[in-house]
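Here you get one chain, nothing else, as structure tokens; it is the form predicted on its own.
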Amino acid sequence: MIRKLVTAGALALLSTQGAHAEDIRIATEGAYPPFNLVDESGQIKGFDVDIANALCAEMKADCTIVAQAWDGIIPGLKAGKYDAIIASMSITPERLQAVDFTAPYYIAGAALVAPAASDISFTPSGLDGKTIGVQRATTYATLLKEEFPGAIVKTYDTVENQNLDLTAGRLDGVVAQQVVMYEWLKTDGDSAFAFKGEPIVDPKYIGDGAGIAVNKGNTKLLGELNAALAAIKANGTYAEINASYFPFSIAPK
């Protein structure tokens, strides 16, 4: 396999030799570490990208991976810019009206991170009057709006930017995906910040986990992706990728 991964607006080519290779275009966000990010050299990397690579290898497909801003990632799919989205997208009833999803490829909850010394709690009363950061157009933003009406919600284009405001003292806390915040606490949060309360895994907001999105009616690609996902779980490839990122399993049960 020959790989060349570059930033948004350019192509990241993954060539897999095979008699029945097909061309598949895949979008990811590139701003959601450790799942997808663009590193200092301009390469798109992360758990989502490694899963995409493994699926393409299993399907013997020639894949192109592009970075796409989150706000436009479903519209881009529907406009035919790419064939699938592998970008930690939660499977929800609302999104199922617009796209079709594979079986989930991982599951993680919504977590609250705040200053370690804070007495804030991940409850409606605990967030009452608190300024909480969240990435816009996400299930976490919907969760805050509907279940924490007393919170003062400030939205951001990326998790990175909401975390920058948290460290600058402009927020009382942030809500984001548990694993993403686990990674941030390890690298940037130091001992000054901590998880507060238990993650929320209510399917109403978190969905059934993160799935791979394809356009409605694309049953051929959907079936191929589901078969490849089952195969990499069965042959140990998924477990190897998981272990290279996290000390715990995020595989769906």
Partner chain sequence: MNISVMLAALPDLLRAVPLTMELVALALLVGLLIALPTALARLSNVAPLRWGATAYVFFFRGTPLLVQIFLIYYGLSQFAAVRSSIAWVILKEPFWCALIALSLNTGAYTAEVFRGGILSVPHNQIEAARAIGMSPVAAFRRVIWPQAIRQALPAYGNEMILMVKASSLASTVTLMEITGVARTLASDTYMPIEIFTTAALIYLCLTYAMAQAIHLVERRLDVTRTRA
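Numbering follows the first chain given and starts at 1. Being a predicted model, the structure only gives us computed values, none of them experimental.
Keep in mind that the form predicted together with the partner chain is missing from the display, and what follows is about it.
Q: Spell out, yes or no, whether the shortest heavy atom distance between residue 123 and the partner chain in the model of the complex is within 4.5 Å.
A: Looking in the model of the complex, residue contacts with the partner chain do not include residue 123, since no heavy atom lies within 4.5 Å.
Q: Hey, in the model of the complex, is residue 107 touching the partner chain, heavy atoms inside 4.5 Å?
A: No, residue 107 sits far enough from the partner chain in the model of the complex that none of its heavy atoms falls within 4.5 Å.
Q: Answer for residue 168 alone: is it within 4.5 Å of the partner chain in the model of the complex, judged on heavy atom distances?
A: Contact with the partner chain, yes.
Q: Looking in the model of the complex, any heavy atom of residue 103 within 4.5 Å of the partner chain?
A: Residue 103: no, not in contact with the partner chain in the model of the complex.
Q: Mind checking whether each of 71, 95 and 156 has a heavy atom within 4.5 Å of the partner chain in the model of the complex?
A: So, yes: the whole triplet contacts the partner chain.
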